Structures are given as structure tokens and as C-alpha cells.
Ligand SMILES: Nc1nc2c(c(=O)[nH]1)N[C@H]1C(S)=C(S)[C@@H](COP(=O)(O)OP(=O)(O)OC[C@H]3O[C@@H](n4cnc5c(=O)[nH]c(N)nc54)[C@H](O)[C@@H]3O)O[C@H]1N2
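Okay, here we've got a single chain as C-alpha cells, the form predicted alone, with questions on binding and movement later.
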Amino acid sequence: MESVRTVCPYCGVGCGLEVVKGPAGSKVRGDRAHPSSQGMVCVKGATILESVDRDRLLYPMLRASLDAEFQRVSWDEAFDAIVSRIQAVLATQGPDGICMYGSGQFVTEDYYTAQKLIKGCLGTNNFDANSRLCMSSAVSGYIRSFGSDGPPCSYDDLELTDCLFAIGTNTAECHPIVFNRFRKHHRANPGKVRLIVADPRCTETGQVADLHLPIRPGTDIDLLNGIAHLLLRWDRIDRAYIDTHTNGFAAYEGIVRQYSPDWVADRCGISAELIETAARIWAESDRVLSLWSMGINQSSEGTAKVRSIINLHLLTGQIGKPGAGPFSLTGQPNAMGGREAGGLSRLLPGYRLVTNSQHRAEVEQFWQIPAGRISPHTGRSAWEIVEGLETGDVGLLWIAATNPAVSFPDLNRTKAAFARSPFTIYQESYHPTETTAFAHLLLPATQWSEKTGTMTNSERFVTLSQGFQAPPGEAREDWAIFAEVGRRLGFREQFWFESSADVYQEFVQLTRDRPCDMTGLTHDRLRTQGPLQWPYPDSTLPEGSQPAKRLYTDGRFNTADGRAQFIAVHSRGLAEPPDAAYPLVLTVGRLYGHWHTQTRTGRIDKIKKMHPHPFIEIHPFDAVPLEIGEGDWVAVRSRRGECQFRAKVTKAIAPGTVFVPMHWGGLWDDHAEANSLTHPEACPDSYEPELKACAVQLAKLDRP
């Protein structure tokens, strides 16, 4: 028997897996030595092997137009097509006519090589990733408040906290192993450890809460400012911490003084007593840990919501100590690694910004490219790529390891834009997906089980994900595809890599003396020592030692004066509030068993049986007037599209709000594409679309 340690390729928890290979085949189990998951595994990780050999893309395939049939081509022919198209766009439209859209499914080595090719060698910052739809508001919020990205907490804090404040996260279903760790602590300390959940739905997370706050969608800032108002009124704040470690308190205090309990209760649709109870629990707790995810980030005021959470921690000194802090849970397995490698349109490797001239110069010098090659302008975000296709300003679109024909907002408009692309490269492991229909060139990529690279989870642990199977057909690693294109474009010195270990060796040098310093990490060290948490510089840590588990333990932040910033904001509410024509708010989300657009999980029998069909949750208050009963077919209409679902009538959702899962695309159910209903209005700071809320109307159907 042979075993290989790796990491689960689903959510941002970053669970360790151990793949045991024997004569009868391979089996997967939780890796008990992994510090994040401690041997635990959810159904997705437990069944991952069932999907790896199903419906794989095996060879490069090319077609002249979207209405033509794909024809198998060689890799040389595929590379020739890519290089000639890139050169043509550079000659006719310039570098900004090229866009790449990547994925939190990348290993860090994939992300890094793509940045070097697109931002460095080609000179455009038009690289964005599906992390834009996931955690870019958290990135923006951390940068604005602390001067740098980077979650300051560790999973160990789940077992040390007195109060877990979960807002905009269904942790039990979407990050189950994180929640399992907290629940053991919660159960072992009844009455001493408390859970507050703010969510319009009473999810599996809310069902075990000590206090559930079923607030209306879009009122998170009102709630957070209302809690701050009471903490100030009761003088339950840490004035010494505020005076020593923060700026901007006076302006913040002036705003939250306006958020009285009665006013907030009216806005949020809950009682003033519930708000006061939440504030009282926060005030009485020595260690408060907040968790959030898509319910906060996917908002037209996502950054402001993140900052409002952070403000509460600064107000009470609840940061930089065990069991406390503002903790963003990333949605994808390597969204954190993407942030470290510069994998969004405003970022450069090592937590640098494209708009910072010193940062650009540092990267240009390291990459040995001409000064000024990296553009000083923020590249196109995910939705701006769609707009660029509509206007004809995008001449080449390269999509890798993601399925935007299901995950993007306003899908009807998205698909129409994709259909206008002059040339789309789609680099993917599975075939078909919904995005395949919009591709001219298909490139077969290896996936989790066939490639070796690093992934960073939500608590900054870097794990070496080791390949243990031969790639099927002619599949190649994503980083190797990007590097070969770079070499064929004439950048041989920049793409000298022969292995993913070479890529990582180069990447970590760009993190030197940066907040995410990982210069002490190598593939060999991660293979022998196991997962390691950054910062992990090569100069200060002796062999085998671990860095501090938390950031900002000394109260110094990554700002010019070392102080964190209170940022006062009023709530603006939803970008598309309900009205007489569309009286309900639709919110979308994930289910325990499925993952994103079902590219993997839709091919696993056990998970399909767990979640066989999409549905819509409706409160009886909204269902009864429309004569909608349990199991009835319901048409859901927004200003952009229509879907059809079976009704699930339940009091577990707040009146005025309905919920549908986002996993079903056209390949699985062509009447249930939830994002055909959503709109693209986005946060002005993070550019993250408000996928979590749009206005809809319902109608009962006699039949689908």
C-alpha cells in the first residue's frame, strides 16, 4: 500500500486528504496530520476520486466558428493558433485587447505563471479570476482597514473563542469542517461559548445558534452599526486600544450614534431586543471571532460590509489575540494562493498593487522585463470583460479552470457577450461544460489528482497538493501551458521552469519582506514537514518551527503609521430593492454536497442522490396568497430572466425573501440557471457583483 498526502480541491477550508493506493485501486481519507482539518472530511472530499476519470477533455480541439464542429488538433497546432491570435490582437488592438479569466482551482504555480505572462510579458492587467465573484470584497476590506490583505486569524481560534459571530455565511454547509471544529467547542461549553448567526435563512448553521438574527437582505451594515451604537452607549469599548492602534474613530463614532436599536430594528426587520441581545453577548465576551463569506462579499457594498465587521473588532480590541478577530472564509481551495500570486486585475505578486509605481518597478526588475512594461492601470474585472466583449474592445478571451457560463451574473447578457468573442480559448479538465459552447479552442488541463502544486487555505496554511495519477490523454498542467505560450512568444528567459517546484521557488522570492513572506517555503520542505502557515520567511525561523498563528498581535498594522483605520459608512441597502412589480428578494447559495457549477459533483452518484433537483424556499406568508404549496412548480421572474423550480414552503426563511441553489446550469437543468435572474451591479471598491440579492416575482405553474 502506498499513500500520498494532498489537499481537498473544493472549498477554502483546505482539508488534508490522504490517498491510499493499493492493488484494488485508490481510496481517499482524511489526513489526521493536517493541522487544519485534523482528519475530518466532508462528503465532497470523501467522494472526490469518483469524478476524476469521468467526462474528461483528452485532446486539444479547434473550430473556426461557434456553429462548427470541434476538430482534434495537435498541441503544436493549438499553440500556433494561440500565438498567432495573440500577435494579431497586439498588432491591431494592443495588449488590453487580451483578457484571461482564471480560477481558485489553480494551484499557486498556475496563478503565478499566468501573471508573469499576462501582466509582465504582454503588458496588460486584464487577468481576473472567479475569486472576483467570491472574496474580492474581503481583500478590499482588509487592505482598506489594515493596509494589507490577509486573514489575521487561525482555525485554532474556533476552539478558543467565547463568541462566534457568523454573518453572511452558512458555515455548516459551505465550510463544514471549520464548523465541526467550532461545534465541538460549542457543545463542550454550553452557556459559556455562544453562537450568533445573522442570516435571512435559518440554515443548518442558524439551527444550532444561541441567537439567530433573520435580518432582511442588504441590512448587514445597519445591524453592525446598531451593535456598535449599543457598545458605545454602554461604554463597552476598548478606548486604550482605539487610542493607541487606530485612526478615524471620531468620524465612525459620529455615524454609529445615529443607529438606535429601534431604527435598526425597523431596517433589519427584527426586534430591538434581538439587536440588544447580540450586542450584550459581544460586550460580555472576552474573545469574539467573526466569520463571513459570500453573504457579505457578494454585495454592491461588500467592502463596506467587511469594513463594518472589522470596525466592531477595532472598537472592542478583539483582534490579534487567541479566539478573536475578523475572519473571512474563502470559498475556493486556492483563492488565498491567488491573492498571494497577484491573481486579480489590480494585484501583483506578493500583496502588491498594479497602481503602485514602486510595486510595479520591483516586479519588473525581478522578472527582467523593460521598465514600464507593467501597466499602471487596473485591468478589467470579471464583469468588465463582458462589457469589453460587447463593445468589441476584447479581441481574445482565455478562460481556464472555471465555468462562467453558469457562475456569472445576468447570464443571458453574459452568454450573448461570450458569443461575440472573436476568439475564446477554454482550458479545462472536463468536457463538456456550459462554457464549452462559447469556445473556439479547447485545451485539456490536468486537475487535482494529476498535478503537483501548492494551495493556501483560509487560515494561511500552505499545503503541497501532490499528484498521484498519470494525466489522461494529452492533458497538461495549466502553468506549463502558460509557460509554453510565453516561450513561443519569445520570452524564453522568463519561462525557464521545468517543474512546478521551479515555479514556486521563483514565486516565493517575490514575497520577501512582504506581509505574506513565504521565502522559507519550498516544495521539498512542504513535502517533508507538511503544511506550513505564513508568514514563513527564510531568515528568522529555525528548521521545524512555526510562525505566530495570528497577525497583528502587537497592534501594528501594514499602514504607513502602523495604525488600523476605522472607516465610517452608512448603509445604502440593495442595488435592486423589491418593489410593487418584483416584491420579493431572491438570494442564492450553495448546498452541502454540491460544488459551484457541478463540473465535478454533478458526476458523482452519491451527491446527485443527496441533491437530485433544484428548488425554491418560500415562507408560507409569501406562498399562501399565491396558492403555492409544497412541491408545486413555481416560475421565478426578474427583470433579466425566468427560472422554474419546485417549491419548498418553509418557515426557515424570512418573509419577503426566497432562496434557490446556484449549482444548476444548462447541462443539468436548463430551467434552473439561478444567475440568469441576478444582476451585475457591483461594489465600487472590490468590483464584486451583488450575486446574493435581486428583486423577483413568483407565479404558480400548473406544470413546468
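All residue numbers refer to positions in the sequence shown, first residue = 1. Since the structure is predicted, the reported quantities are computational estimates derived from the model, not experimental observations.
What comes next is about the form predicted in complex with the named molecule, which is not displayed.
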TODO: Specify the contacting stretch among 623 to 631, 504 to 512, 209 to 217, 232 to 240, defined as having any heavy atom within 4.5 Å of the named molecule in the model of the complex.
DONE: 209 to 217
Open item on the list: I'd like to know whether Ala401 contacts the named molecule in the model of the complex, with contact meaning heavy atoms within 4.5 angstroms.
Closed with: yes
- [ ] Decide whether Lys44 counts as a contact residue for the named molecule in the model of the complex under a heavy atom distance cut-off of 4.5 Å.
- [x] yes
Open item on the list: My question is simply whether Met294 lines the interface with the named molecule in the model of the complex - judged by any non-hydrogen atom within 4.5 Å.
Closed with: yes
Open item on the list: Can you tell me if Trp383 lies within 4.5 angstroms of the named molecule in the model of the complex, counting non-hydrogen atoms only?
Closed with: no
- [ ] Work out which of Ser571, Thr424, Gln447, Ser154 lies within 4.5 Å of the named molecule in the model of the complex, going by heavy atoms.
- [x] Gln447
Task: Position in contact with the named molecule when the complex is considered in the model of the complex, options Gly141, Pro326, Pro200, Gly226, heavy atoms within 4.5 Å - done: Pro200
Open item on the list: Pick out the residues of 168 to 188 whose heavy atoms come within 4.5 Å of the named molecule in the model of the complex.
Closed with: Gly168, Thr169, Asn170, Thr171, Glu173, Cys174, His175
